[in-house]
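We begin with a single chain expressed as structure tokens, specifically the form predicted on its own.
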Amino acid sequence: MAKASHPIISIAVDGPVGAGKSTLCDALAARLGILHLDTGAMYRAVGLYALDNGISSDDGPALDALMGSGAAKIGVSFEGGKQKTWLNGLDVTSRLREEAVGAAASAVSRFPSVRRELVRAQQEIAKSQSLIIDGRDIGTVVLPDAKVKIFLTATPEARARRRHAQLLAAGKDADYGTILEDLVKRDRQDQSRECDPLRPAGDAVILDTSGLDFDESLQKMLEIVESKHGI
């Protein structure tokens, strides 16, 4: 008799920029023994292509043409449980956390052609394996039927403090006021876009980590998953 296959576990994590989604989802995936798909990295790859090729991240027709042409081929792979993001066959993972790339990603993600193509790719990846997927519209658009949906958030001030500390720890110049201003601007842009705006799914658990450290936040996420899946 063939062994019963394990059910696919899909965990959708949404939230604003700087909420710690990537690092927390990496840790949660490792604890659960499943993969973490960072959808933000896929949007960042499109933003990177636009920056490198002189395409304005506000130019809707140019971005429509880009996505329709297939000139920016975005792919992901997993090595040792870690995601690598590829752009036209090149590993661009190390470039995707640049501030300019993040801003470009937030801008290009407003356009339906960009979202439609990347959502299709994300749904295909999720069909065949257990995943934690994080982004801005996972629970509402990409995985609307996910059993576990978490909306991870924190105040803009808390998110700016964390980002400021990260940049300083990396030896980079950073101004807290500028970071906070950028976060507020990107929140407004993500929440007000016409196509798939940032918002919690109706059945998502809201987790505000403003007063929690990393380990406490991870524990809260584990408790949410355990309550839904019994794992």
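Model, not experiment: these values are computed from the prediction. Sequential numbering from 1, following the sequence displayed.
One more form of this protein should be noted, the form predicted in complex with a small molecule, which is absent from this view; the next part is about it.
Residues placing heavy atoms within 4.5 Å of the small molecule in the predicted bound form fall in a single listed stretch, namely 99-107, out of 81-89, 144-152, 157-165, 99-107. In the predicted bound form, at least one heavy atom of V17 sits within 4.5 Å of the small molecule.
When contacts are judged by a 4.5 Å heavy atom cut-off, H36 does not count as touching the small molecule in the predicted bound form. Remark: D190 counts among the residues lining the small molecule in the predicted bound form, judged by a heavy atom distance of 4.5 Å or less.
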